[in-house]
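Okay, so here's just one chain, in structure tokens, the form predicted on its own.
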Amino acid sequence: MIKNIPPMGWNTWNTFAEKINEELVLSSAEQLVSSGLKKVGYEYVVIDDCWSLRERDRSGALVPDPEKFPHGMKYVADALHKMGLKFGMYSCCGGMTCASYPASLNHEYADARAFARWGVDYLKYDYCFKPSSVDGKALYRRMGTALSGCGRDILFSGCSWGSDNTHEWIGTTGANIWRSTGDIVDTWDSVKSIIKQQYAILPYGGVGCFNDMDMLIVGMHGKGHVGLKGCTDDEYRLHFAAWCMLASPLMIGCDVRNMDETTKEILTDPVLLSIAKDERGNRPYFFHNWNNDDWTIFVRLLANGDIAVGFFNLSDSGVDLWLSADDIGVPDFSGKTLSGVEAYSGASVRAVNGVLSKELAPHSCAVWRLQVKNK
């Protein structure tokens, strides 16, 4: 059965787009295993758009491109499963995929059966070329129903970019995760924009249908399909920390075969992953210091009673952020206080006089996993 935590893995799109093939997918999967990424939870290997021929065959079936995938998709799935990994693929609810390959409109049941035969464990389902005469929610419900009856447990990743008030209906479609924004690119402005778009929709994520903030750009450094400008390592740290705090799926987008040690350290930080994979899946909430939405504090109550607190400075200047313990349910009269450990640095932290505070450089963050203790 699909677990009640956001999925973790690697996706081909951010770096490779249409430049994909069997060897790339399997060698990247091998790197997930040998690098230790699989061991900490990155288990899905997802082939995004551009995997098929440009047209269906005469029977109406999707056909994997024989030059890119000469052994077919079941071969890829079997190879991944032997590594202890899970296999993800891509389609779209419209007449074509976003890259103009055949999609699943009016072929939902046949495609779901094909995905099941191939051993697919995850389906990313996009929103391009959707006919205006049909509601997106109807098309997503159609594919959700087809997947539920296909004979295989396939995670349904709805990728409608938050369009057409997705948050209001996505939970009725059978989707396990839902994309809340447009595509991420490898720039600071993109990361900042996606975080700010979450403020109004935090109540719509959580166990059953996690809010997907799109794939990770950590470690891309301006290379690949969405590489563009690249980000600093501090900006990548903030990006990853926000995705973990807000219970987003964690789908790596860099070339894992060539990632540097800093990238690996960010992607495997134990404090942040313990928050991201918390089994309770409680929804986060937030505060803005001085009503400035560039100075944001996210909070999540965790399954064992710990509290995750993240200070995020999205502004272009330094700031000293603070939070009263009373605001997160630990008033002074309770006889309790907060102490714990900081992500990335591993430093100890405690509330002083009932207040947590931290001076942050521009585009940086501090995240703590805190315990409620007697004074």
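From 1 onward, residues are counted along the sequence shown. Here the structure is a predicted model, which means the values were calculated and not measured.
There is another form of this protein, the form predicted together with alpha-D-galactopyranose, and it is not shown here; the text below is about that form.
Participant: Applying a 4.5 Å heavy atom distance criterion, does W161 contact alpha-D-galactopyranose in the predicted complex?
Facilitator: Yes, contact at 4.5 Å.
Participant: Can you work out whether D135 and alpha-D-galactopyranose are in contact in the predicted complex, taking contact to mean some heavy atom pair no more than 4.5 Å apart?
Facilitator: Output for D135 is no: heavy atoms all beyond 4.5 Å of alpha-D-galactopyranose.
Participant: Wondering, does Y90 line up within 4.5 Å of alpha-D-galactopyranose in the predicted complex on heavy atoms?
Facilitator: Y90: contacts alpha-D-galactopyranose in the predicted complex.
Participant: Given that the partner is absent here, does E279 sit within 4.5 Å of alpha-D-galactopyranose in the predicted complex, heavy atoms only?
Facilitator: No - in the predicted complex, heavy atoms of E279 and alpha-D-galactopyranose never come within 4.5 Å of each other.
Participant: Based on heavy atom distances of 4.5 Å or less, which listed stretch (252 to 260, 120 to 128, 238 to 246, 76 to 84) is in contact with alpha-D-galactopyranose in the predicted complex?
Facilitator: Answer to the contact question: 120 to 128.
Participant: Answer with one of V271, L105, A99, A110: the residue that has a non-hydrogen atom within 4.5 Å of alpha-D-galactopyranose in the predicted complex.
Facilitator: Exactly one residue meets the criterion: A99.
Participant: Kindly confirm or deny that W13, D48 and D183 each have some heavy atom within 4.5 angstroms of alpha-D-galactopyranose in the predicted complex.
Facilitator: Yes: W13, D48 and D183 each sit within 4.5 Å of alpha-D-galactopyranose in the predicted complex.
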